[in-house]
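Given as structure tokens, the chain that follows is alone and in the form predicted on its own.
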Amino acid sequence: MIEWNEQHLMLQDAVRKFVDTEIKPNLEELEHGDTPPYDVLRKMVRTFGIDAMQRMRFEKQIAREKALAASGDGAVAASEPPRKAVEGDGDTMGPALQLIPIIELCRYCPGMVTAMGVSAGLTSAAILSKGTIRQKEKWALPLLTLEKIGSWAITEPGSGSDAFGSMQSSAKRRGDGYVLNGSKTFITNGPYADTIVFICKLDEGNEPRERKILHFVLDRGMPGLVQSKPLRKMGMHSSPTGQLFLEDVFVERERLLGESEDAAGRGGRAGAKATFSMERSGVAAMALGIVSQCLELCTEYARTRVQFGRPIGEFQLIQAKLAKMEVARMNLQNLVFRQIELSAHGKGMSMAEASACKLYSAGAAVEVALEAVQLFGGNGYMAEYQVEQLARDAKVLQIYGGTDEIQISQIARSLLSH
């Protein structure tokens, strides 16, 4: 794929019109008020038929898995990433339908993309990759269509980048179920989530670093589960982030993803890493939206802002900033095109590739956004000018889903292992 085709551009235009009518007029309330983003996101997925497409893809996947199970080859279905069952025909429209709204939303409200991506992406993907057919039908489909909101809970107050080694949240067997205890922080959608994938360690009295990693599905309102109010943070204000507290939460075995400790334990870390890989590769589309908007705003400002009797766009230092922004935009667009092509052919990025993608994309978004603030001068530091918001929002791309330092380590380990 070397450029957007006519269908892609029509979709892009339609999403931009939706943003103009549904998001821009409400941006102040979404960013600084008490309005969660979910109603607007639900309207968007209905408007563009994303919910119907997700339902169709889901039904095809489940039908295939049931057929494999009936033939005695169900293990094959369970081991395959969910997308491969329904994609791979070379059509780029399906992948583009997922990425173009992300790019366009990130021009104005990157936080909404994070909220949507964690719910319909990470949380549902965890269930689709590790769950039984019954679990997928019960919990995954409502997340894919945004009928329900999901959270993927791995990060803890004392863990950070050492997500598994420092994990304290635990599950202990009790009768036919488990008792869960622990806390999670920086959880996207945490305050409002209906469905939570809670990642913890099986406590059998052994050393913490030797314990199996298990994934459980929790529902809002379960006894002992407390979801905090939204946390105040630097950016991504339209993406509610909170804490989760579990005190003696009893769950039946049917809430253990895969409904088997052996299967869950063997793939616990691998399943979480696969989810991280998905999150990291998605940063390119977010960064493209941020960079594209910064470039557009800066180009117009350079044409109209007059200093020393001339538009500032005539000065070479300003031209250099604009040129570097355009280079970053082109690079990010090519990364997005690569993702669309891979997905259209039933493939995805490796962990190292996703890390490289995130490392570059996040860095480019932050650099361009800060340069946009600089180009706007004093105006760029004021909240009424959009570049201020984009600079704050961009920074978290270098932190969540693994910090820049973690991405560097992942890439280097992959290179040195060959």
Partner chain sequence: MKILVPIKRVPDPQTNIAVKPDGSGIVTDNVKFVINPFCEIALEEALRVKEQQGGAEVVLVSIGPKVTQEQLRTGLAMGADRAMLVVAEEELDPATAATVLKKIVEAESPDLVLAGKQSIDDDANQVGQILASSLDWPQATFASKVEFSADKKEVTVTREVDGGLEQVAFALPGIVTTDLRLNEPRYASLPGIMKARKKELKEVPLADYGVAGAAKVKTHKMAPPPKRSAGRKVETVQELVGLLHTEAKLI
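Computed from a predicted model, the values in this text were never measured in an experiment. Numbering follows the first chain given and starts at 1.
From this point on, the text means the form predicted in complex with the partner chain, which you will not see here.
Q: Spell it out for me: taking the partner chain in the predicted bound form, does every residue among Asp13, Ile50 and Met53 have a heavy atom no farther than 4.5 Å from it?
A: Every listed residue reaches the partner chain in the predicted bound form, so yes.
Q: Report the residue, out of Leu322, Leu225, Leu297, Leu97, that has at least one non-hydrogen atom within 4.5 angstroms of the partner chain in the predicted bound form.
A: Only one option qualifies, and that one is Leu97.
Q: Within 4.5 Å of the partner chain in the predicted bound form, heavy atoms considered, which of Asp91, Asp162, Asp262, Glu254?
A: Only one listed residue qualifies here, and that residue is Asp91.
Q: In the predicted bound form, which of 356-364, 382-390, 59-67, 42-50 comes within 4.5 Å of the partner chain (heavy atoms)?
A: Heavy atoms within 4.5 Å of the partner chain in the predicted bound form occur in 42-50.
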